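Given next, in C-alpha cells, is a single chain: the form predicted alone.
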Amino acid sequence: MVVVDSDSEIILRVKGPLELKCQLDTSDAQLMQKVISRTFESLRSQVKSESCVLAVCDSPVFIWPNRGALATPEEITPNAPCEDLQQWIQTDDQDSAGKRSAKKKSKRSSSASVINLGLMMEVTQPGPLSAPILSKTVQKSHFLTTTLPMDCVVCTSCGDAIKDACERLLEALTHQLCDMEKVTLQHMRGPTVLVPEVLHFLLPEPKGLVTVVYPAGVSDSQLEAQRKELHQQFELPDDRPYFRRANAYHFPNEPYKDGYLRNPHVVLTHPTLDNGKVYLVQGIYSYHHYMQDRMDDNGWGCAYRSLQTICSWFQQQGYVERSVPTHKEIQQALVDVGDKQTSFVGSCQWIGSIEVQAVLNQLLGITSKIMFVSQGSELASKGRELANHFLTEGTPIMIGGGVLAHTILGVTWSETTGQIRYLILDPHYTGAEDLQLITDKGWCGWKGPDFWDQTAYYNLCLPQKPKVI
C-alpha cells in the first residue's frame, strides 16, 4: 500500500531515456520481431550492468546499483536507510547571494515523500583505449531508433536499506522493459512501432500504486479491452474508470500545468455534529471561479463556473476526454438543444440548474437529477438525499437560487438529530489561486443552514456518473 504523505514511507521514482536502436529486414515480419526482442534483451542487460547509474535529482548523489549500491559522496553507505538520501536533496531555498544552497539539508527539513532519480549509463570504461575499427557494408535495410521513456516507481519504508531499494528499482526497470517489449510488438505495423507510454495509477487500498504501459497515440476508447483485463487482474469493479489516462496519479511534487487549484477542501477541518457523518465528493476537481481564463464574468458567470467545476470532475475521473467547456461553448450547447436563441452566444446572461443539466447532457452525455426546494429553509431537511448522493455518485452538486449559484462538495449530517453542514465551493471568488486565502476567507468552507436565503427557491443539479471503464 502506498501512502503518499506518510512519514514512514518514501516513493522512489526513476525516470530516464533508453535508446532503442536496431536494423530491420522489412521483408521478414517474424525476423523483425526477433530483432526487436533481442534489442530489448540488450537493454535489460544494460540495466543489470555495472554501467547503470542512478542519480538522485537536485543532489550530488550518484548510486551504482549493480556494484553493491556503491555511492558518492562516500558518506552514503549501501546499508544506510533511504531517508538519508533526503538530507542531500537541495530545496528551492536561496542563500543570501541569491544562489541555491549546496549545503546538506537536515533530514527533518525535507517534507518530500517522493525522491526522484535519473537513470543514466556510464559510457566510459576502465582499461586501455583501443583504436576504432570501421567497416562498410552495402545493403538495403530499415534502421529503427526511438527513445523509451523509462519511469519506474517503488514504495519503500524510510528505514529500508538503500541497497535493498536499489534491487527493487532494478527489478521494476527490468519488468517495465518487458512490458514495453510486449506493447511494442503487439502494436507493430510493418517496420513502424508506437512508442510505449508509462502511466502510474493509485488504486484503492490495499493495492496502492501500480504502473501500466500503453502505446502512445492510441486513444482510451481503443484500449478498453486492455483496461478490462486490468480490472480483472486487480479485482476492481467495472462501473467506473481506474486506468484511463486521466486517472493517472499526480505526484505531490509536480505542479499542475493549467494553473487551477485542485481539491482545496482537503485542507479543511470537518465540523463535528452529534452522531454526524461526513459525506464528500469522490475524486479530483478543479476550482473554477469568476475572472479566470481572461474572462470577466463577474456578476453573471457563477453558474458557468460551477458547471466548469463539475465538468472538470468528469474529465479528471476519466469519464470524458473533452476539455472543460468555455462560456461560449456552454452557451452554444444551449442554443444547439433549442433552449436559447442564437443571440445568447457571447452574451452576459446567467444560467441556472436546468441549463446546467442540459449542457452536461449535450456536451458530456451525462444525465442529472434535479432537486427542487421551494424555499431555502427546506434545504436543512435534505440531508439524507444529499448524503446518499455523495455516497453513491460522489459528484459535485450545482445549486442555484435567485441569481446566485454555488457548488456543494459534501455534507456533514446527523441522522439522529437532523443537523447538517454544507461544504461549499464559491464561484464568486475573484482573486488569485491562493489556497490559504480561499480557505481562510471561506470561499471554500463549511456553512450552516443559515447560509441559504431562507425564503428563496433553489434548484439543485445532481450529476449521475455513468457506468463505464
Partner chain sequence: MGRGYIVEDTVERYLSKLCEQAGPVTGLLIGQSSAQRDFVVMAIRTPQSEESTAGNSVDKELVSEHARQVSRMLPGGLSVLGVFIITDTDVKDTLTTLRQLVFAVENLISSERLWNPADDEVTDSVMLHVNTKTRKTVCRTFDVKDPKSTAKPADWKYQSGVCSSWATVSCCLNVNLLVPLPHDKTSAENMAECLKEGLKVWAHQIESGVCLIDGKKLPEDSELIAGQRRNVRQMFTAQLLITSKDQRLPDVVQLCGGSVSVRGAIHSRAFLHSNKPKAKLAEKLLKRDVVSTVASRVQMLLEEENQSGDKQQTEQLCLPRRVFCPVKVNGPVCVCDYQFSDEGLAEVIDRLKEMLDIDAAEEDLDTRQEMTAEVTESSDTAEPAVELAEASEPKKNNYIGVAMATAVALLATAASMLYLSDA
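Numbering follows the first chain given and starts at 1. For the two forms, the rigid core is made up of the largest set of C-alpha atoms that agree within 1.5 Å on superposition. Owing to the predicted nature of the structure, the values given are computational and were not obtained by experimental measurement.
Just so it is clear, the following notes concern the form predicted in complex with the partner chain, a form of the same protein that is not shown.
Asker: Identify whether the partner chain in the predicted complex is within 4.5 Å of every residue in the set 128, 141 and 193, based on non-hydrogen atoms.
Answerer: Looking in the predicted complex, the three residues 128, 141 and 193 all sit within 4.5 Å of the partner chain (heavy atoms).
Asker: Using a 4.5 Å heavy atom cut-off, state whether residue 429 contacts the partner chain in the predicted complex.
Answerer: No, residue 429 stays farther than 4.5 Å from the partner chain in the predicted complex.
Asker: Under a 4.5 Å heavy atom criterion, is residue 170 part of the interface with the partner chain in the predicted complex?
Answerer: Contact check for residue 170: no, nothing within 4.5 Å of the partner chain in the predicted complex.
Asker: Verify the contact flag for residue 39: yes if a non-hydrogen atom of it lies within 4.5 Å of a non-hydrogen atom of the partner chain in the predicted complex, no if not.
Answerer: Within the cut-off, so yes.
Asker: Would residue 439 count as a contact of the partner chain in the predicted complex, using a 4.5 angstroms cut-off between non-hydrogen atoms?
Answerer: Because no heavy atom of residue 439 falls inside 4.5 Å of the partner chain in the predicted complex, the answer is no.
Asker: Please tell me which of 339, 122, 84, 393 lies within 4.5 Å of the partner chain in the predicted complex, judged by heavy atoms.
Answerer: Flagged contact: 122.
Asker: If the cut-off is 4.5 angstroms on heavy atoms, which of these, 18, 460, 14, 11, is the one near the partner chain in the predicted complex?
Answerer: The residue in contact is 18.
Asker: Only one of 59 to 67, 413 to 421, 430 to 438, 397 to 405 gets a heavy atom within 4.5 Å of the partner chain in the predicted complex; which is it?
Answerer: Among the candidates, contact is made by 59 to 67.
Asker: Superpose the two forms on their rigid core, then report whether the C-alpha of residue 294 is displaced by 2 angstroms or more between this form and the one not shown.
Answerer: Residue 294 C-alpha, core-superposed: shift of less than 2 Å.
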